[in-house]
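Single chain ahead, written as structure tokens, the form predicted on its own.
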Amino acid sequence: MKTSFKTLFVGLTLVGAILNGCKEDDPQPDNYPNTDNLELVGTAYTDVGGIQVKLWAEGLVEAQYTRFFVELRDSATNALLEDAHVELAPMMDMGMMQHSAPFENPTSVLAVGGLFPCAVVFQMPGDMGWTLDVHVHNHANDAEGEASFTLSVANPSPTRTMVVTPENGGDPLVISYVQPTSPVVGINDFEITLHSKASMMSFPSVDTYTVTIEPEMPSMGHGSPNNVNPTFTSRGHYVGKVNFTMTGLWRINLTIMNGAEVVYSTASFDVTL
């Protein structure tokens, strides 16, 4: 009898170890990818290639720097695709004319947590007219195709993107606010993007300008110390620090320079704590 119990115990232990090992080797938990904090913009299928494309956003799609996340699946098996080229093509059709917008394709062909992060700077709102084409090249089977999404782009308040004419001439400049999105009293990360409007379809990032900031509280007539001017990081992004010393409405004034030349000196973004 002892031998039977011992044998049974050993057998159950081995089965448990095997099951646990299988569980630990499972590369995709049930909630993978995690989209709990994202909003589903839409689902579409590529014209060829058999790929389902889900477009997710961090929140409401507005005329500002907007982060998107692309989820790809095999339309036949529903298998998640995590090795692919993803390229964006935003377009605004205004009837008599069309124009694109600044955008950022994913930096890698490998998904991050099952999703491909990307972004578009919508420089104007529109209930109709905006489309976002997503071109996908699935490396697993060398298939590729394009899915299209019709977008409703809301108008944020306060303004978060502006297209200005440089004071020193040249192409229009697209200035977009990125963060802080949830400002607090104290030191906050501050970030903007700069893009040049080379044509209606081309918006290259601007990587060589310098930016200074001067926060002020209009109702109180004072500014704040310990701010750090934004400096270029990558793909048109400029990152620094802004200090809000109390709650209320703050205005962050920007001066943008190209060497010794003033590019634009009257841009500002309002932030309310």
Partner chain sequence: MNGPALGILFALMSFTASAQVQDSVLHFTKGNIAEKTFSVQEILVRPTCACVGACSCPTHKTDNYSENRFLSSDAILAKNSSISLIKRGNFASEPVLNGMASDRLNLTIDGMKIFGACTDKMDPVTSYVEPNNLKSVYVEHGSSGSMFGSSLGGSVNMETNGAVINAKKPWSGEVGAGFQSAALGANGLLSLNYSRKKWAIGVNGMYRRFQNYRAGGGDIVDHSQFEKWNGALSAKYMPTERDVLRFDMIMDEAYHVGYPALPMDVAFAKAKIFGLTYQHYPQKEWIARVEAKLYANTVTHSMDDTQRSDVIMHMDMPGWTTTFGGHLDGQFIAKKHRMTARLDGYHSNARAEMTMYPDNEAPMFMLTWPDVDKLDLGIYFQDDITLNIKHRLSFNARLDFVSTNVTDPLGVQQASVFNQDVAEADQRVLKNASISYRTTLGKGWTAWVTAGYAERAPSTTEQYAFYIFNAYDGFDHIGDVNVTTEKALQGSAGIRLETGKVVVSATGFYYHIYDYILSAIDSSLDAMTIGANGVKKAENLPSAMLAGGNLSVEYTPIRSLTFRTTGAYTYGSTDAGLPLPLITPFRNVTSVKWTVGRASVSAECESAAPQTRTNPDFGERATAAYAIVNLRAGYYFPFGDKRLSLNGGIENLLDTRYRTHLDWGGIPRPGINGYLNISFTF
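The structure presented is a predicted model; accordingly, all values stated were derived computationally and were not measured. Residue numbers count along the first chain shown, from 1.
One more form of this protein exists, namely the form predicted in complex with its partner chain; it is left out here, but the text below deals with it.
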Discussion item. Since only the chain is shown here, I'm wondering whether Ala57 would be in contact with its partner chain in the predicted complex (any heavy atom pair within 4.5 Å).
Written reply: no
Worksheet item: Using heavy atoms and a 4.5 Å limit, would one call Gly186 a contact residue for its partner chain in the predicted complex?
Response: yes
Worksheet item: Taking heavy atoms and a 4.5 Å cut-off, does Gly248 contact its partner chain in the predicted complex?
Response: yes
Worksheet item: Using heavy atoms and a 4.5 Å limit, would one call Met220 a contact residue for its partner chain in the predicted complex?
Response: yes
Worksheet item: Residues in which of 202-210, 236-244, 58-66, 43-51 have heavy atoms within 4.5 Å of its partner chain in the predicted complex?
Response: 236-244
